[in-house]
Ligand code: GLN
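Have a look below at one chain only, the form predicted alone, in structure tokens format.
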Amino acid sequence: MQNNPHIQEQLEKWVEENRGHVVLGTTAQYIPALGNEDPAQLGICMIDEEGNYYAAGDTEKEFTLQSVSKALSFIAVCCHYGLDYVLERVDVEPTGEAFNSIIPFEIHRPNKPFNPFINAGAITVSALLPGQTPQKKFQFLLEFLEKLVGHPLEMDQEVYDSEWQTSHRNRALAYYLKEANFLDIEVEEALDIYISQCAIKINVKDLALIGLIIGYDGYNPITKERHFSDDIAQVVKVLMVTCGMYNSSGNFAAHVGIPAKSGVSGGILAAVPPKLHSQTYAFRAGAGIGVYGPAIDVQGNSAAGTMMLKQISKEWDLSIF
């Protein structure tokens, strides 16, 4: 459903203007199943508080969550155990290191992982998911996400297998976590859950809806349903601003200014809170944004997708700063 042809026309225009930026990145070659994706793809979907969807580009393509899942597993675990319980096990500080770096363990251990968006923190959070087996833990997260998007989701087995066979650095991180007593389950079990959540298939429309719910502090303004507390939403949005775009999070915050979480599949989840004092009337009441562009830059973010979000934020005054 759409009620503003101008917004639709602008999105279609901006997708085409930014397609050229795909040459600034390449698909994630270190995960073979992702490396085989078409780097020329680019799509975006935005949804407002009334349920109006605006989509342009390659919007039908399904892709895997990858690191976008880190924000969602963190929310799910906090919903079950409470924010305080989870923050005793993972912090909310930026690291300044790569998302899969072992350096923080060597320098700061046995301190808890810096935040849930680096791989060490994400593996810790995944292991905390409720359930007696890896399968039940994964199912808990899957059902939580299905409630957010309103339809069944599934895992991409090919991507899972590809990541499982190449996940040597994550295994090393998991062994560090196990040694430091941050994992109550076995290393291979924790890794199984983490890789499974990264391999969940989704599309830009799903990401946009989740972004809208985060932007509205855990409340879906379309269905009038609350999915998680505003306290959890506040922490997640802060993490998205400070840590959500890997080592370019500061640059993204300065030039785009929207809470966002990216993944190496090329997906970006962005949450635009209501900004009623804005001078523009495009999405003054908030929005959710989903982006897909599998050509990622050296930091791991969609090259064309990031450039497009910068343009959209500037033109429609979406920055929260």
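What you are looking at is a predicted structure, and each value in this text was computed from that prediction instead of being measured. Don't overthink the numbering: it's just position in the shown sequence, from 1.
One more form of this protein, predicted together with this ligand, exists but is not displayed; see below.
263 is the sole member of 263, 57, 290, 259 with a non-hydrogen atom lying within 4.5 angstroms of this ligand in the predicted bound form. Proximity to this ligand in the predicted bound form, defined as a heavy atom within 4.5 Å, singles out one entry of 248, 170, 162, 220, which is 170. Note that among 44 to 52, 282 to 290, 250 to 258, 28 to 36, the stretch whose heavy atoms approach this ligand to within 4.5 Å in the predicted bound form is 28 to 36. Within 4.5 Å of this ligand in the predicted bound form, a heavy atom is found for none of 63, 200 and 203.
This ligand is not shown here, and in the predicted bound form it never comes within 4.5 Å of any heavy atom of residue 216. Heavy atoms of residue 73 never reach within 4.5 Å of this ligand in the predicted bound form, leaving it off the interface. This ligand in the predicted bound form is approached by residue 119, whose closest heavy atom lies within 4.5 angstroms of it. The closest heavy atom approach of residue 182 to this ligand in the predicted bound form falls outside 4.5 Å.
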